[in-house]
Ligand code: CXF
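Next up: a single chain in structure tokens, the form predicted on its own.
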């Protein structure tokens, strides 16, 4: 089977013929059907997130179960599944609390390897790591059983793939993590795949005014189609905080930063009304630092928090998000700006970084 392999940061992915070992106990082999091209993959590819090399990136995907190892009980061959890029041991303190995205029960295994510490993908005898232990830019993968979630079979593949990351992260940040109240005013910073889904989460929750902020007019236009009531171009507006307060009065009740750099974090905090809640959703480089005013945090009782993976519970939430799409409560079709073959994957990242797409999707035969 073919896989897109990264040998060194800041080099193009190489689509190579690779060998795939069969699944061991509690593992499954999956035929890939679609995989999203996501900013998180880019963080691995450019070295922002140090990762073991060589590695197959990719984490936002859907596919069909081909084979099950011994002891697998939650899926069977022929099932359609969405990948979850977080472990879920079911026994650690966080899984026991229902906070499965914080699972620490698998922390003993090396990053990029499966839980027994070995690699399933090989190229000319060399072991290849898998991003988040799934590495979905490949025609087939072997992954832990707990990292796939079965879904209904009438869900389209490309749309199902996006549920596994950008839809879950954006919608979940609003509905699972912040749990905003109906009528709330909301600011979403960054209108890529995650930000557009945060806007959709605000719509699902009955938000009042939804302000979208970005540096590209084409993304702001797209934000309106997903439910934003107002837009701000932060590249041309000299005082976006003032603009937010002109729209909302005191500021917003909730802000969601889908970018998470030093400037966007400051905007997310400063644009809050007293008592407001700023949520960091996007994942920055590890070296980024943000500044807030402790004075305003105390006297205006502002809250700052982070959400990883939208604080979702994949086993419960993925099927619900699929139902929302099938019942026309979520617009996932509009997220898919372009599709690619696996051989075109480097072009997909080039277009993503140029801001040309909401989401690109690699579609497998």
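Predicted, not measured: the structure shown is a model, and the values here were computed from it. Numbering follows the first chain given and starts at 1.
The same protein has a further form, the form predicted together with cyclohexylformamide (CXF), not shown here; the description that follows concerns it.
Exactly one listed residue, out of 95, 203, 283, 75, brings a non-hydrogen atom to within 4.5 Å of cyclohexylformamide (CXF) in the predicted bound form: 283. Interface residue among 132, 121, 222, 267, judged by heavy atoms within 4.5 Å of cyclohexylformamide (CXF) in the predicted bound form: 132. Proximity to cyclohexylformamide (CXF) in the predicted bound form holds for none of 88, 100 and 318, with the criterion being a heavy atom within 4.5 Å.
Contact check for residue 325: no non-hydrogen atom falls within 4.5 Å of cyclohexylformamide (CXF) in the predicted bound form. Though the partner is left out of this view, residue 38 does reach within 4.5 Å of cyclohexylformamide (CXF) in the predicted bound form, counting heavy atoms only. Although the partner is absent here, residue 308 sits close enough that one of its heavy atoms falls within 4.5 Å of cyclohexylformamide (CXF) in the predicted bound form. A residue is said to contact a partner when one of its heavy atoms sits within 4.5 Å of a partner heavy atom; residue 148 fails this definition for cyclohexylformamide (CXF) in the predicted bound form, lying far away. Considering cyclohexylformamide (CXF) in the predicted bound form, the lone stretch of 289-297, 124-132, 107-115, 171-179 in range is 124-132 [heavy atom distance within 4.5 Å]. Taking a 4.5 Å heavy atom cutoff to cyclohexylformamide (CXF) in the predicted bound form, the one contacting residue in 156-172 is 165.
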